[in-house]
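Here you get one chain, nothing else, as structure tokens; it is the form predicted on its own.
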Amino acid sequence: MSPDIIDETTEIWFGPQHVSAHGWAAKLTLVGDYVVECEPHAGYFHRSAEKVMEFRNFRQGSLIMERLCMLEAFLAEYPYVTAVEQIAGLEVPERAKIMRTIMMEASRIHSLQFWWGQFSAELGFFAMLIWPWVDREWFLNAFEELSGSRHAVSYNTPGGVRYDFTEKSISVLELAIERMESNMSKFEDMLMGSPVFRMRTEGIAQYTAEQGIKWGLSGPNIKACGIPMDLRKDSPDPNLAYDLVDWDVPIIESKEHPGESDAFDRMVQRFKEVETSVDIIRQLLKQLPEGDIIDPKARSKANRLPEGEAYGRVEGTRGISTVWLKTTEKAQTPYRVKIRGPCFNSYYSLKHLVPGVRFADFIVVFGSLDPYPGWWDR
């Protein structure tokens, strides 16, 4: 081959029009079919959520938050809600704490079911697109039974939750969990037992725990390196119920490359996340007490907030999601809202992870990090 051909580079835009891009874009520089440079470009999905929330009252703000990532709506809305509670001085009833935690873990499972299907399909495993997505319909049924909506659930509200559990809503949720558990071994075998899937993911996009921390990764993307970093365990939220259950942070401890993770490890990590969420839900359902589902003073206290600022956060499906909220005296709307989603860091880590892989493996690298555009184009 001519040296001129080897040195020749080609620039390709992956997205925003590509079917696997989901509204984002990255400029790739190729030599042959190898990527030598990756330049992520945010902004194609921007919706000005932070500015919009300055014109919404403190009970409406969570509706904007959940639309940043409706795959994990129960989790996405929580950082804003807990920030409002801190400034307003609201006390969340015990029943509401447990219901919040149950539905947040159910939302985590639903989001991971979506990821299994999407990631597998983008690698050509279309059977694994259909099966988990059929099972996630059962969780959407549970969300609809509880809130009336399948995606934009609007469940958490300052001081508690909007809707109480019923025997039927609990029954539908338990059916969804049982359905998923009955198929978990099949899903594991279809992916972990597939020589083709292993060939496409093992050794791809490897990084160490030190690199992941430096880049600001969190959630499954850092736990797959063997780091048990999880807000649910490290800093339990007093308005949630993780301190009432006995559970361990799921991690991957790879024997082949300890302290590192590749695309395959991050897939296995997400199976462990689901198992942990099921364990938490089952323990909390047994502890559900009678009582109020919202602070009786929530309506009056959340209408006008005193001057102050608060920092709300949650261990989401994709990592740590946070909201910084600032208010002025007798405010009806926020003075300033700053959102930091978990995916901005994982998106820009592509700059370090992609160079050196084949062009066909670029989507493997991206998909294994499970970034969602709404979390960075906020």
Partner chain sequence: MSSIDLISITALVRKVQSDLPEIEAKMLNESHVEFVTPKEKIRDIVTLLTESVQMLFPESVIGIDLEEDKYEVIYMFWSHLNNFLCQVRVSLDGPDPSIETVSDIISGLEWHERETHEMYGIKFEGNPDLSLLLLPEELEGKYPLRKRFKTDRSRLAESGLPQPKPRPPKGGATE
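All figures in this text were calculated on a predicted structure; none of them were measured in a lab. Numbering follows the first chain given and starts at 1.
A second form of this protein, the form predicted together with the partner chain, is not displayed here; the remarks below concern that form.
>> Quick check for you: of 231-239, 262-270, 156-164, 182-190, which stretch puts a non-hydrogen atom within 4.5 Å of the partner chain in the predicted bound form?
In response: It is the stretch 231-239.
> Taking 4.5 angstroms as the cut-off for heavy atoms, does A42 touch the partner chain in the predicted bound form?
Replying inline: Taking the distances in the predicted bound form, the answer for A42 is yes, it comes within 4.5 Å of the partner chain.
> For I87, is any heavy atom within 4.5 Å of the partner chain in the predicted bound form, or not?
Replying inline: Output for I87 is no: heavy atoms all beyond 4.5 Å of the partner chain.
> Is I320 close enough to touch the partner chain in the predicted bound form, meaning at least one heavy atom pair within 4.5 Å?
Replying inline: I320 belongs to the contact set for the partner chain.
> Is the gap between E210 and the partner chain in the predicted bound form 4.5 Å or less for some heavy atom pair?
Replying inline: The answer is yes: E210 has a heavy atom within 4.5 Å of the partner chain.
> Exactly one of H151, K214, R198, R304 has a non-hydrogen atom within 4.5 Å of the partner chain in the predicted bound form; which residue is it?
Replying inline: Going through each option in turn, the one that passes is K214.
>> Residue by residue through 303-341, which ones have a non-hydrogen atom no more than 4.5 angstroms from the partner chain in the predicted bound form?
In response: The stretch 303-341, when checked against the partner chain in the predicted bound form, contributes E309, Y311, R313, I320, T322, W324, K326, Y335, R336, K338, R340 at the 4.5 Å heavy-atom cut-off.
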